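Two forms, one protein chain; structure tokens for each follow separately as structure 1 and structure 2.
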Structure 1
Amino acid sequence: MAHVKLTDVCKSFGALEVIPGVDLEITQGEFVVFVGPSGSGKSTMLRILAGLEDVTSGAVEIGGQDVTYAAPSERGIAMVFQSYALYPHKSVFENIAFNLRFNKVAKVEVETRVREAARILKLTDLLDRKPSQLSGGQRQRVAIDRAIVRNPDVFLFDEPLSNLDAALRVEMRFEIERLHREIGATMVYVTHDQVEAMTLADRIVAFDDGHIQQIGTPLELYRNPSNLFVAGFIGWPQMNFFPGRVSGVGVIAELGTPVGVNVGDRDLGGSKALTLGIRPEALQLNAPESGDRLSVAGEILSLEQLGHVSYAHVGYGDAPPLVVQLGADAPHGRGDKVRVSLDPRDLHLFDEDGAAIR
């Protein structure tokens, strides 16, 4: 049974339609990540779940209850904000206890629940401090603890790690993942960072322009993106794209020179112009020639060496360079003349509208 269910949810701000109609079901205990570029409506969706924004039309259900018009505090949710949103005039303890005070929880119980929550995120020693005396990472821990203490059915996170530096971000990512494992609550997590999305999500919901582009496990989205947007958004460095077309019975790829490609039994429908996509790790440099591999000659314009892996940007003609993933100690350098090749089975095909052809 769906734990969180959105039915044809639409949201406009005045004349600006931000969410044109979204249906989504989230199961109990699932970790769902909303990912998409900035301005794609992720926060708005989350705020609709939280009850901080009214829907223009549609329905929101949580735990089998219709909460479309329920107040935020009546939905069994807790939310963690990118900006932490701690009460600056209250101690860490009182920040965490604030909600319990509203619910007239007995003093002794407040004490035990706050201390238990503080223990989970290692805040016990900081309970007497004011938010201004905490580091960014500690503040975000308090914000998360404030959610934990309420024991909510659904956790909502809106880019909780975006204000932290890289090392802390990784650490907090593990903390959140551990939290999900420990308490098993449903979590909805908004981010524009696809690494967070890939590592945390049971399922990713990819948004663009208020529309859900694809829903699936991280690997489904990575391996089988259902359209150009998802293909380009998930995965870093980005998937390489180049044009192609359907001619007679086969597909012609514009890779330097037009060249026929064997795309197997994929159903091309009636499409004429195509976009072909290939992941950097599916490209090879100077591989032994073979009949069914596609290849193009080019020159290494730049080489990004990350230590464990390197990325070569190979220019050919006046097309955008192809990014090729290399082993860390591949014997290549800038200016080398190379031959890039690929196995056509690794190609992603997209029709004129950007929809994947499988």
Structure 2
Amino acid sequence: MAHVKLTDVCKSFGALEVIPGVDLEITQGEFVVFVGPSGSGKSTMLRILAGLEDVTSGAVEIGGQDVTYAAPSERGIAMVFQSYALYPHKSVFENIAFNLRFNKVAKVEVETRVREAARILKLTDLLDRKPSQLSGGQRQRVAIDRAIVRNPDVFLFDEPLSNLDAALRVEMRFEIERLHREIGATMVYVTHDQVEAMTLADRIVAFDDGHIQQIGTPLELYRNPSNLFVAGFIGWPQMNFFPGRVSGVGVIAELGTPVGVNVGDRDLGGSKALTLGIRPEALQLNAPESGDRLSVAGEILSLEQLGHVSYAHVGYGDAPPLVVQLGADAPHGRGDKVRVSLDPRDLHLFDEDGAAIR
């Protein structure tokens, strides 16, 4: 386990600046997930940590040691890639043991470390098999075990589940989370999948355009996004957005027709144009009329029935549909005329620059 610190890390490729300056600390034993869309800088940051990319400026520390210009082998890290990269002609045992043998570790210790790693990820009965005899999930476990036997200070995962089908992704998320609990290592995990981030992370670091947009626990980012990017990226289905404006000391929401909104004591500052957001689960269909709720008439354009829950896409005028979370047995169907209502206290407000208004 090791503490990780990035200080004003910048990365440019020629004239193109992809990381304009990042400061981040990861505590010993923490599981931190980097999320963001393609091109956001998350994988570049992981490669900088691994020593696979040089920094343009700034400093990288692992375990209190400056490793900014150290080789990957000198950083006390082990990396698990999207590709399993197993040797097809070697057994599972020999794939896991390869780095130990390369570094001339004693035969008895190799045996002990490989079998202990295999026990952790339930590969003991598969040690004599070749990779071609394994499922995708089993191959990924072998790749992770190959990292475990090195006893690294920090594990780095670069979208390790992207090649797996949906069921195996769920299984491997559980295995990685269990691995973290069992060995307590510092882990940094990159993914574009916000479900993986929400289920695995102690803290999430949300990247966009090379900048850190927000750092916090999964629920902090979900409940209190700092800006429009985080609000739209974290959570599925994503938050509903619609325009608003400041009128006097109040807010007018453009919900098909202008509707006044009581935003309480939130500081609107000098904002004029606003974006309002609300989660699908905070909306209701055909709820009893109430003076403190806002409502808009619409039509269900589509209904996604997922078994345990349903999502209604409700059109109202020319605006993008509102997505409303319903119970699995909700008595609604495509084409139904409905009223969507919400409590103003559930609204998220964002100013002209996309920053959250508290």
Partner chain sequence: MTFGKATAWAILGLAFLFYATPILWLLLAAFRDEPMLFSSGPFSIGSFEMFGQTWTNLTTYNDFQIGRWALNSAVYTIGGVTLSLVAVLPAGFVLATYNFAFRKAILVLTLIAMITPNTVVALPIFLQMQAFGLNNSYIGMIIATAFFPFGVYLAYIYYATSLPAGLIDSARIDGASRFEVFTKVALPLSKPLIALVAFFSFLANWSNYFLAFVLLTKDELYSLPIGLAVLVSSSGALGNDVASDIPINKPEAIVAAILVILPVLVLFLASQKYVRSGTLSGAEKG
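A quick note: this is a predicted structure, and the numbers were derived from the prediction, not measured. C-alpha atoms forming the largest set that superposes within 1.5 Å between two forms make up the rigid core. Along the sequence of structure 1, residues get numbers from 1 upward.
Comparing the two isolated chains, structure 1 is the one taken from the form predicted in complex with its partner chain; structure 2 is not. Domain motion between the two structures: of L285, V105, M198, S83, the residue positioned at the hinge between rigid parts is S83.
Rigid-body analysis of C-alpha superpositions between the two structures gives a rotation of the smaller part of 14 degrees.
Comparing between the two structures on a rigid core frame, one finds that H89 has its C-alpha moved by 5.3 Å. With the core fitted, the CA of P131 sits 3.5 Å away from its counterpart between the two structures.
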